[in-house]
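Here's a solo chain for you in structure tokens, the form predicted on its own.
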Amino acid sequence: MKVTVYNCRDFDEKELFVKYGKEMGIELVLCPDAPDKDNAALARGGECIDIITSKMPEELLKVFADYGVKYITTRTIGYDHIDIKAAHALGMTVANAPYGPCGVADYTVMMILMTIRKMKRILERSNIQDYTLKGIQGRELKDLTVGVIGTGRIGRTVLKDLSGFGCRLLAHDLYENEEVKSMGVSYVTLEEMWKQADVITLHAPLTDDNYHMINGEAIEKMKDGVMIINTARGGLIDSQALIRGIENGKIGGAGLDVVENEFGLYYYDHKSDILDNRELSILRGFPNVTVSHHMAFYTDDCVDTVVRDSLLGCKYFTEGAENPWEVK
């Protein structure tokens, strides 16, 4: 069998692809670039392609389908970058490659702590040998209420991690989880979450229903000085509303590993480019906002897992075996 791998990184993924491809008897075509109409022909002669967060709209999916591709796996948990409906209409199967929850959960707790302790300002001052204290007085987690939106594997791990800090914990999810309740965590409506939480952290998948979940109306209902953490998907937050909330002081700080319209920006070197994302530039400029480039997932364990399981999913597909990662 043949698998064409796009966005293959030389410095961390390539060696693993070679290793697992050999173990599974898979012929690999490794391409460092994102999938597009020009390099789609690399997939000819195989049924499977392996991608990361590149946009896969209907017109590009049709190009791959015409080359005989029937299976697309993404080396990510999320798959909102793929037009699932169009893929299924073309007879293509889509799958993801979930990694363990600990990496993103660890990163989330780090972001929370950095935000409530104003670490961005502290580091900036230290870099210029400004050791004054005014303006960098922080808060302690034990005195705060933290709301977790989304109690899947990552959200539940965040709750477990935060339980040791002594903070009050709230949760919101369309489907309440018994494990979360057993921790003594209360499920609340979003309205209650906005009213009560000092820190709100997002761990929900992006859907049509929750797009811009945090918007101007929601922010108005939140506590003054609320801090918002997002290590999930940028589209959960209306960037313009977030900016207004920070500028008028309603939002006390934010830790953002994801932002809206990040496709095509992250994982590339743009240091000499003018970026077509005004909101990102504004958010990065605030002293109380920490922005990282969609890398909360990025650990040794994650890279190994997604490379292995993305290939394993291709193998299951070609063999007609049950595939636990298929997106229905």
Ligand code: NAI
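Numbers follow the displayed sequence, beginning with 1. Since the structure is predicted, the reported quantities are computational estimates derived from the model, not experimental observations.
If you look for the form predicted in complex with the named molecule, you will not find it shown, but the lines that follow are about it.
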query	finding
Triple contact flag 150, 172 and 232 to the named molecule in the model of the complex, non-hydrogen atom at 4.5 angstroms	yes
Answer range among 161 to 169, 138 to 146, 202 to 210, 111 to 119 for contact with the named molecule, defined in the model of the complex as heavy atoms within 4.5 Å	202 to 210
Among the candidates 243, 77, 185, 226, the residue which, in the model of the complex, approaches the named molecule to within 4.5 Å (heavy atoms)	77
Selected contact from 237, 251, 104, 197, since only one has a non-hydrogen atom within 4.5 angstroms of the named molecule in the model of the complex	104
Contact label in the model of the complex: residue 214 to the named molecule, heavy atom within 4.5 Å	no
Exercise: residue 255 in contact with the named molecule in the model of the complex, heavy atom 4.5 Å	no
The named molecule contact in the model of the complex: residue 297, any heavy atom under 4.5 Å	yes
Contact flag, residue 82 vs the named molecule in the model of the complex, heavy atom cut 4.5 Å	no
